[in-house]
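There is one chain below, alone, in C-alpha cells, taken in the form predicted alone.
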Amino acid sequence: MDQEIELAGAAAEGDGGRRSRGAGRGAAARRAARTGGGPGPSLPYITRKIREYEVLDEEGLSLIESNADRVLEEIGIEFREDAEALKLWKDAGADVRGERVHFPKGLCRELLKTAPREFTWHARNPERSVHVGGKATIFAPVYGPPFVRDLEGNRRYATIEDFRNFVKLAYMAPSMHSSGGTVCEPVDVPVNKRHLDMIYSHIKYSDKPFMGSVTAPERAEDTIAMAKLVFGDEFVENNCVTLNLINANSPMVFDETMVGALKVYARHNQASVISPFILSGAMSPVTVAGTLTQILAEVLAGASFTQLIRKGSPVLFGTFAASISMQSGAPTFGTPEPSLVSYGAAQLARRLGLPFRTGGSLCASKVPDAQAAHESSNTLNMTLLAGTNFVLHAAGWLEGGLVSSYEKFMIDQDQLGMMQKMAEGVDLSENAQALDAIREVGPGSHYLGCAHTQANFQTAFYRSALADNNSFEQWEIEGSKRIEERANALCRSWLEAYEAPPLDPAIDEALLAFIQQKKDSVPDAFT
C-alpha cells in the first residue's frame, strides 16, 4: 500500500465512439445541480468565483519559504535506493552525500520554472476533460482503503466488485469530476495483477479522467501502456491523461517505489501529485509553521525532480494534512490545525505557480454518523475556500481512510453539489438583483407568489436529494428513516440504473488482450 492509506482527448484516429451517454448539459444537468441527486449528466468542473481564504501575510509566507530553503540546504531530503535520481541531482548542482541530497538555495525553484501552471487532464470522452490549476476545482473519490462498509452494514475487505461499484458511482455522481484511482483495494485479486483490473475498470465503467497505479514502476508502465491503447501513443506523450499520487515518506524521504513511479509518469508527460503524507506530531512538527516548512521543502524537492526527468511535465503541489491524538497517537480530522496547514500550503502553492491538492471529506468516524458529518464538512469547506485545484477523498472516506463506505459516498456526493453551488459566488445579474420583485411585493407582504419567485423557484436554491426537511409527522409516516438509510436506498437505485458509457469494441478487445498477456506472464502474488 502506498502511504496515503494504500501506503479527454481522442486517439490519433478519432474519438473511437467515446461520446458519453447523456453528455449534454441541458435541463437534466440543471436538475442535477439543483438537487445533487442524480444520477445524471456530469456537471462541468468547478470554476470558482469566490476568493481564496488566506491565513498568512507576506511576512509569514516569506518566513516559511526561508525556513524551507534552510531545510533543503542544511538538512536535505533523502532519495532512497535510486542511483539514477542521485546522479541527476548531482549533475543538476546539488550536494549529494550518500542518499541524502542537499539543495543550493534557489535550485528547486529554478527547475520548477518549466512546470506548467495550468493544464488539461484529458478523459476518453473529451466532454469530461477537466482543467487543472487556476480557478478550477476537481472532485475525485476516496483513495486507498483496504476495507469497505457495504450496503448490508458489513465492514469487510474490499473486492474487485466493490471497486467497480465505486467507479460506477463516481461516474454517475453529477458533481464528481474524476473516477479517481484506488477507490478501494480489491484484495481478492493478486497484488501483482490487481492494478490491471483497476485501470481497466476506470476505462470500462467510466469515461471521466482517472488516476494511475503507483505501487511499483512496472505497474506505472502498465498504466501508460493501457492509456496508449485508449488515447494513442502520440496523444499520451503530448497530453496529460492520468494524475498520479506520489507521497513523500515524511519526514523528508522519497522511497524507491514512489521515485520509480514518478520517473515513469514524468517521462511520459503525465501529472504527478507530490503529496507529503502528514500526521502532525508524528510525521512533522506539532506546530502549523513547522509543518508548513517541512511540507514546502518536501514538495520543492519532489516536484522539481519531475523537471529533471522531463522538462514541462505537469506536477501538482499536494499535501495530506491531519493531526494526531497526543493521548493515543490516532489520526484526527476536521480539527483547526490541519485546516490552517492546508490554507497556508495553498498560498505557498500559488506563489510557487503550481496547481494545488489537499482536503476532501475526511473523518475518523467508523460509521456515517454525526461525527463523520461534522469532521467531513469542516474539511470540505476548508478545501473549497483554500482554492484547492484537485480534491482527492472527496466522497466515501471513513475510519481515517481505512474504509470506503457506500452510504458515506452518497452523503458526500450530495455535499459536493452544495460546494459546486457555493463556488459560483454571488450572482449580480439584473435578474438576481430582484428589484422588480421588491417593487411588486412592497412592505408587509411576502414573496411566495410574486412573478420573480415563480420564474426562479426551480433554480433558486440547492435542494438535497438526501436531507429530510419535512415535518416530523411526514418523516414518521415515511418510515422515520435516518440519512444513512436514505443514502443506502439511493445508492442501490443508482447501481441498478447504471449504464456503461460507450467504449470502442476494438479498444476494449485490445485492453483485455493486454491484461491477459500481462497476467499470464507472471505467477500470482498476494504479498
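All residue numbers are counted from 1 along the displayed sequence. These numbers were taken from a predicted model, which means no experiment stands behind them.
From this point on, the text means the form predicted together with a further copy of the same chain, which you will not see here.
So, in the predicted complex, is Glu74 in contact with a further copy of the same chain at a 4.5 angstroms heavy atom limit?
Answer yes; at least one heavy atom of Glu74 falls within 4.5 Å of a further copy of the same chain in the predicted complex.
Does Arg492 reach a further copy of the same chain in the predicted complex, with heavy atoms at most 4.5 Å apart?
No, Arg492 is distant from the partner.
Does Val187 reach a further copy of the same chain in the predicted complex if we count a contact as any heavy atom within 4.5 Å?
Flag for Val187 set to no.
Answer yes if any heavy atom of Asp57 is within 4.5 Å of a heavy atom of a further copy of the same chain in the predicted complex; otherwise answer no.
Close contact exists here: in the predicted complex, Asp57 approaches a further copy of the same chain to within 4.5 Å, heavy atoms only.
So a further copy of the same chain isn't shown here. In the predicted complex, which residue out of Tyr343, Tyr171, Tyr143, Phe231 has a non-hydrogen atom within 4.5 Å of it?
By the 4.5 Å heavy-atom cutoff, the listed residue in contact is Tyr343.
Can you pick out, from Asp82, Glu78, Glu118, Glu221, the residue that has a heavy atom within 4.5 Å of a further copy of the same chain in the predicted complex?
The option sitting close enough to the partner is Glu78.
Using heavy atoms and a 4.5 Å cut-off, decide whether Gly290, Asn378 and Met419 all contact a further copy of the same chain in the predicted complex.
The answer is yes; Gly290, Asn378 and Met419 each reach a further copy of the same chain.
The chain here is shown without a further copy of the same chain. Which stretch in 302-310, 191-199, 378-386, 232-240 comes within 4.5 angstroms of it in the predicted complex, by heavy atom distance?
Comparing against a further copy of the same chain in the predicted complex, the contact stretch is 378-386.
Out of 271-299, which residues reach within 4.5 Å of a further copy of the same chain in the predicted complex, heavy atoms considered?
Counting only heavy atoms within 4.5 Å of a further copy of the same chain in the predicted complex, the contacting residues of 271-299 are Ser280, Gly281, Ala282, Met283, Ser284, Pro285, Val286, Thr287, Val288, Ala289, Gly290, Thr293, Gln294.
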